[in-house]
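One chain follows as structure tokens, the form predicted on its own.
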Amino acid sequence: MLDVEKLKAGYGMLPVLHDVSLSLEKGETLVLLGRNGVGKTTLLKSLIGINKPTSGSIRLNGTEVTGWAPNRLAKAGVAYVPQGRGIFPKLTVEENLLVGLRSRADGRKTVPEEVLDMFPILRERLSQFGGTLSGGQQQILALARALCGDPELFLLDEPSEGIQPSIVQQIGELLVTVNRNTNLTVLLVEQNLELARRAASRCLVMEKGRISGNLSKSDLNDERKVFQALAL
């Protein structure tokens, strides 16, 4: 579904990614673990077209998409929830969700009922401004907005950051449910091991801009293996 080969990217003269290669099968949830500053966010930004890779290849369903603009990738079925949520605080919940429809291939103009069914708290707050929601509710809104676009590939950058444990658990359960019901493919950048254990099909570890190891779902339950992989 997604194939990345020898990807290099950075900021100006500063290289960050060094020959990163990975692949995701349709319906898989791959978690990318690593400490702060190792290149995880740069990888996601390169995959969604915010950062332009300096070399390497990104293929989506067999099509070369390296260097595509974010809006073109969104139309191709890639959704991105950035670190910090990225909602529109001065738009209502409903207006935020309607923004997510712009990438749909079917031209739908109304918020899908199935999305509101997944997030009943948002149904209750459709007329509320996004900026007045709690941090956890804003993260839920960001996830729901991305799902409104009916994506094939979901890129999530640390959705647990600054969120209370109950919402983190809800996000984990949601990812499992959506994956099971829609076969959505997910690349999740995360440092919360509990969320990683709940959501992952498997896990890769990044260190200094490179993929340095891999962990199976069962490995994530072994703290010794996790700490060794993260060089903690």
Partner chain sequence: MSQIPSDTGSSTRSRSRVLVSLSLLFLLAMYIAPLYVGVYSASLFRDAMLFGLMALGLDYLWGKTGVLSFGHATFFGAGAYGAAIISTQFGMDPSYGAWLGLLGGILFSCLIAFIVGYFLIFGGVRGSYFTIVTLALGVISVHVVLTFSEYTGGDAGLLGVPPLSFPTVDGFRPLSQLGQYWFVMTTVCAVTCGMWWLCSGRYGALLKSIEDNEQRAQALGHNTSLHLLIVFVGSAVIAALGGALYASSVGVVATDSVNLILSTQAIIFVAIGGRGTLFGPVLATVCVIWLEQEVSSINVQLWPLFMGLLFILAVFVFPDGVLKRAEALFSMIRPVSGPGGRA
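Positions refer to the first chain, counted from 1. The shown structure was predicted, so the numbers you read here are calculated from the model rather than taken from an experiment.
Just so it is clear, the following notes concern the form predicted in complex with the partner chain, a form of the same protein that is not shown.
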Indicate whether the candidate residues P70, I87 and L91 are all in contact with the partner chain in the model of the complex, with contact defined as any heavy atom within 4.5 Å. yes
With the partner removed from view, which of 152 to 160, 101 to 109, 132 to 140, 116 to 124 is the stretch that lies within 4.5 Å of the partner chain in the model of the complex, judged by heavy atom distances? 101 to 109
Contact residue in the model of the complex, from L204, I167, L193, I48 (heavy atom within 4.5 Å of the partner chain): I48
